[in-house]
Structure formats: C-alpha cells, structure tokens
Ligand SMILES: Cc1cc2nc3c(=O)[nH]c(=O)nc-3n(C[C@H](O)[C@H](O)[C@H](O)COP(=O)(O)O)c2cc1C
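In the form predicted alone, a lone chain appears below as structure tokens.
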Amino acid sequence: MDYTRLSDANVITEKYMDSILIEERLIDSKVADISTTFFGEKFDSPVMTPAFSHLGNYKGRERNGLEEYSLAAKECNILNFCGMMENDQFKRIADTGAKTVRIVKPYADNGKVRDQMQFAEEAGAFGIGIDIDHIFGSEGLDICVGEQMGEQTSDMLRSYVEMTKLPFVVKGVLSVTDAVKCADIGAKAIIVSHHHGRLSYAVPPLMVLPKIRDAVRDRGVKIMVDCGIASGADVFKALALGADAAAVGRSMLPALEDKGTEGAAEFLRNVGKELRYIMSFTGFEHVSEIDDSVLHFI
C-alpha cells in the first residue's frame, strides 16, 4: 500500500525507523545467540507474530491464515499472538500447539471480554490481553466488524488481570502515562503500538520506547513493540531502544499468502537470521545485552 499523506502515522514511523543508523563493533565479537525468555519459557528468537484477525483460507488451503502462521510460530519456537475472533477459532489456534497470547477486543459487552479471556485460559493459552487502541472510532466508540467497543478504565483492566493466572498483556500502549498505568494494574507485558496508524500523527513506537522503558524499569513489565517491523534490523533497533521483543506484521503477509506455514516460517527465520547477523556485527552476544550505544540518529 502506498502511503502519501503527511499525517499518516505509518509514513512517520517508517521515516523515523530509517533515520536510525547502526555502528559496527567487530573486534572481539562472537556469533550471537538470539534466544530469549518470556515468563519462564525459552524461545528461539525475540521475533513475534502479530495479533492478526480474520485471515481467510489462502489459495484454497484447508487451514486459514491464522492457523497457518500459528503453526509457523510453533515450528520456529517463538511467541505467537492472535486478535479478534470467536472462541471456536481460538480453539483451533490453541490446538496448533503454539504458545499463544490471545488479545481480546475491548467489547462494550464486558461479559464477552471476560468469556473470551476465560475460554482462552481453559483452552491452554500462554497469555491473555486486551487491545486498547480499538476503543474509539470516528463516531465516538468504535464499531469493529459489527461489534460495539467500550471504554476501558484502570479498574476494569485490573479486574481482568486478577481473574487470570496467565500473564496479562495490554496492546496499544503509546505513552509513558499508559505504560505506568499498566504496571500499576499488574500487567506483565505491554505492546507499544499505534495499530498501523489508527491515530493521525501518532508518535512512532520506537521514538517513545526509551521513555517507556525508563518509566517501567524494574516493575516486572515486558515491553514488546510492533508497527512497521519488517526485518532483523528493525527488531534490533527496537531491542536497542528498550523492547524485549518485536512483532512483524503486514510484512509477513505475502509469504503467508503464498506458501502458508512454510512461507511464514521461512520469513520469520530470515528476520531472526538478520537479527543475529547485526548483533554479531555490533558486539552483542546475547539479546539481553543489546543497548542503544551503537545507534546513531540522522
């Protein structure tokens, strides 16, 4: 898709990410290890799948795109995410065996929010969460695929955290203010995101990331990021600026549509390979060591 409007947050995000350059540190460097740990589980890479919703059956294949990329996540041993769907669809994703975090939409029907979260836990989800950047729409509260969304207060979010034993993730955090509120209510992770530009002139996630990192440091909150992540270099920059992981998004779709699970897995592995290459080029042997000392802004 060709974005041309100056107010388009996707253009702003892309330009900001491309303004960050990386210096080399080769002497004494080693081949990097890109494995990482989330909530006590070891994963092969900090590259994550996106919380996609409503993907169809590409090229007439038996499984839909949601199930295909979940199988790819399992094959690559990375953290998997999924978005808006009914419980029967989530059950099919859970049955792939991928360690999956279900991100529930902020339905006005609070009972539906709780039902979907409870179902996910019972079906074997790795974590559950909520998407706060779909609360509002142009007419007031958003209507997403015919479903009315509702406002979400800190008390409501805290009640979701308290109803589950699973790690709770809040998706759509784009400020220190919301990040601190998430830490206060007991969320175990946040996804720094503007949801592919739902807000005009939205700050690029990587621009606000360092302040968010500093604000929730030592509070037990994992920081993930998405929007415009398409390469290992993008992931590296996100990690250097304070993220613990980064999710690819629409960049994965061509490979997924073309070759299904095989294509998605190949794409995800290639992103990881480039991440390892750049870590090796910059003197970082482990993901946890990456910092912004090798970044330069133009």
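The first residue of the sequence shown is number 1, and the count goes up from there. As the structure is a computational prediction, the values presented were derived from the model and not from experiment.
Just so it is clear, the following notes concern the form predicted in complex with the ligand, a form of the same protein that is not shown.
- Heavy atoms of no residue among 244, 290 and 294 are located within 4.5 Å of the ligand in the predicted bound form.
- Taking the partner from the other structure, the ligand in the predicted bound form has no heavy atom within 4.5 Å of any heavy atom of residue 282.
- Heavy atoms of residue 158 never reach within 4.5 Å of the ligand in the predicted bound form, leaving it off the interface.
- By the criterion of a heavy atom within 4.5 Å, residue 55 is counted among the residues contacting the ligand in the predicted bound form.
- A residue is said to contact a partner when one of its heavy atoms sits within 4.5 Å of a partner heavy atom; residue 239 fails this definition for the ligand in the predicted bound form, lying far away.
- With the partner removed from view, the residue among 181, 188, 213, 195 that has a non-hydrogen atom within 4.5 Å of the ligand in the predicted bound form turns out to be 195.
- The single contact residue among 229, 256, 34, 268, judged by any heavy atom lying within 4.5 Å of the ligand in the predicted bound form, is 229.
- Shown alone, this chain has one stretch from 146-154, 110-118, 80-88, 216-224 that lies within 4.5 Å of the ligand in the predicted bound form by heavy atoms: 80-88.
- With contact defined as any non-hydrogen atom lying within 4.5 angstroms of the ligand in the predicted bound form, the contacting residues in 249-269 are 249, 250, given in sequence order.
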